[in-house]
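The chain below stands alone, shown as structure tokens; this is the form predicted alone.
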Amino acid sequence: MPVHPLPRSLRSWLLWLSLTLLLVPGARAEDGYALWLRYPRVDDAARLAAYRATLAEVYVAGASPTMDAVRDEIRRGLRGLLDVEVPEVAAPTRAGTLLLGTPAASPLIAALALEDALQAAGEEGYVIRSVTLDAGRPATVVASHTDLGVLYGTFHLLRLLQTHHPIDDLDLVSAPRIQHRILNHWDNLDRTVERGYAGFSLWDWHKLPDYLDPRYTDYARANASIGINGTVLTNVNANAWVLTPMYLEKAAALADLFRPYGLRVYLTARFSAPIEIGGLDTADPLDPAVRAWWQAKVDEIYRYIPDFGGFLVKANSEGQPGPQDYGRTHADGANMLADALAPHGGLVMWRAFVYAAENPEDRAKQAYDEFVPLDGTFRDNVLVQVKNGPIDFQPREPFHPLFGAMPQTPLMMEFQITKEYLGFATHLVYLAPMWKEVLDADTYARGPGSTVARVIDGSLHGYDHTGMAGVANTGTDRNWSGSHFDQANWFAFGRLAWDPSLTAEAIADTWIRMTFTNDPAFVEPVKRMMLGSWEAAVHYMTPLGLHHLMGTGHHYGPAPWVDTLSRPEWNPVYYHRADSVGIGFDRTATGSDAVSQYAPPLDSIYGHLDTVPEKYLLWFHHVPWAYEMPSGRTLWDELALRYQAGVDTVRAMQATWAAVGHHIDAERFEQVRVFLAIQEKEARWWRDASLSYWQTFSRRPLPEGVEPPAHTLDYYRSLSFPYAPGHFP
């Protein structure tokens, strides 16, 4: 049989790969499965020696599944980072002991005078401190009131080692500012994932409960490492079958695996379940038979899952059934479920993402109009889960006006980790700056300093329950999230849910070091690239406050021309309102008056052209094409140049990545390189399609510096993507 030579391009790539593996210290092929928990050997000789001296032996106090997880993790981490087997001892024998445990499990730890610090840490927090034992022997302690807190502290200590921090003089106290830090999986029972761009669902329902994929444990480890303590297994567009015994047995198997890592299981409750699986002819929340059915169902769930977290509910939104079908309120529906869960300590997370079936004046106003009158009427174990902005996870939105407007009702933040409107998995868009813009926004609900973060952490209104949810971006792809950089968004969500005051820069710095390398020649340029990536995406997709311009259903690419859908607020033209005069949605007092839902002085700031921030300009105002912007340019020229700036930034990201690739393994470098090329191509697509369409209204030439579209508007309008990822027509 003849032997055919490899194509030249493939031979060149293999040669480059071989040279990279030979020349880069420690470089090896990696597929991303290990996430930020890689634990590579510390490559600085002096630092390695110091770590080995400080962590010469390990003492772990306590026997529980969670403490077993602590033992496994510290053994795994130290073996990789220190390249030695650090012995576990029954009692300290020399200088350099690492003590892990609770005061209740260890008289030795109890004698270290940690009471004040542990009090500050609370139940889930922890203390990491350099201490001195008898005979002046230095030691390091990771302590908490609970085994779970010890596990969180163990991951923090390993994070310090991974990022090459000194550990010889530690005095850290860390406590979560938000109680319920939860991933929402939009996963269906057939393993498809709505808005999922990383393969199919992690949950193999057909093989559960008997086959327990080791990946489930790795999922729990990853979440515990960043402080996430809850997971909603199923889609908010719920399927009632998940509440049947067959599926409860499967969910219980997952809950058993997750429990040692502090990860509680939640499920979505379809409001019409009493009809669909219960045999009733109504789901009216005030009907005694319906209430009795839900009480029996909740009792049954807790027999399967004793620490079941509760329900996430989407009701009377996008066609989902709900209490309004029976003339009842959201509070009536939520309270019925809350009453059933209360004896077991369970929670209801009731989503505020609602918009009515009738044609609205302004979809952005509807959640506020429906929920503010209900403030104070929800049960104590109900949290109202509010998206970060008033429309729907757009590339940029002002914060949702509900934040600060319901002082008697705990409001829970909902972010989207999966990038439904931000290029799916192939666009590099680091979301922490977006989330920080919302968390740091001042609601003025109780005067200056009333930030969104203070609303959701309970400190502004004294909420008894606090929460933050993130729509998960995980799937069966080997790297979990579809692309290596999308892992950073999962990581950032967990870190911000634990502490919303962290900066996007600090989180990026830590993630880069844990995921790739500590080499500053790589860390600094890649960090700058990440920090500018979200603003770049906003520029090439929805600059100056534009929103909801994506294609129908799949939300993949630009389609600002769509005007044929049956409900006005489903059409992009509803949101941009472009005409021969100008562009933008008038939400001022003379328009929809959505500005009035914000507290003073924001209502005035947003409501006037001379004070509204440029980033929200077209969100709140319909602005003439010839309007002079602060830059001195017309609105048209400014808009066109913003689109071009987005494309140019992606090109700069490509150049940055090409320049630093030799610092890391070839496998991950190459995938990111290809994905950046896709992003650059699709950024041009967004720019060209959008400007071609806007130009039919403005009738103005493109300003100097903006590249002309590659195709006609008819070409862009002809594109169709019926099988885009995450969309199953």
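Treat the numbers as computed from the prediction; the structure is a model and nothing was measured. Numbers for residues come from their place in the sequence shown, where the first is 1.
There is another form of this protein, the form predicted in complex with a small molecule, and it is not shown here; the text below is about that form.
Note that among 233-241, 286-294, 430-438, 503-511, the stretch whose heavy atoms approach the small molecule to within 4.5 Å in the predicted bound form is 233-241. Proximity to the small molecule in the predicted bound form, defined as a heavy atom within 4.5 Å, holds among 535, 276, 392, 586 only for 392. For the options 625, 200, 556, 353, the residue carrying a heavy atom within 4.5 angstroms of the small molecule in the predicted bound form is 353.
By the 4.5 Å heavy atom rule, the three marked residues 186, 194 and 420 all count as contacting the small molecule in the predicted bound form.
Taking the partner from elsewhere, residue 524 is found to have every heavy atom lying beyond 4.5 Å of the small molecule in the predicted bound form.
At the 4.5 Å threshold, heavy atoms of residue 614 stay clear of the small molecule in the predicted bound form, well away from it.
Although the partner is absent here, residue 318 is a contact residue: one of its heavy atoms lies within 4.5 angstroms of the small molecule in the predicted bound form. At least one heavy atom of residue 387 is located within 4.5 Å of the small molecule in the predicted bound form.
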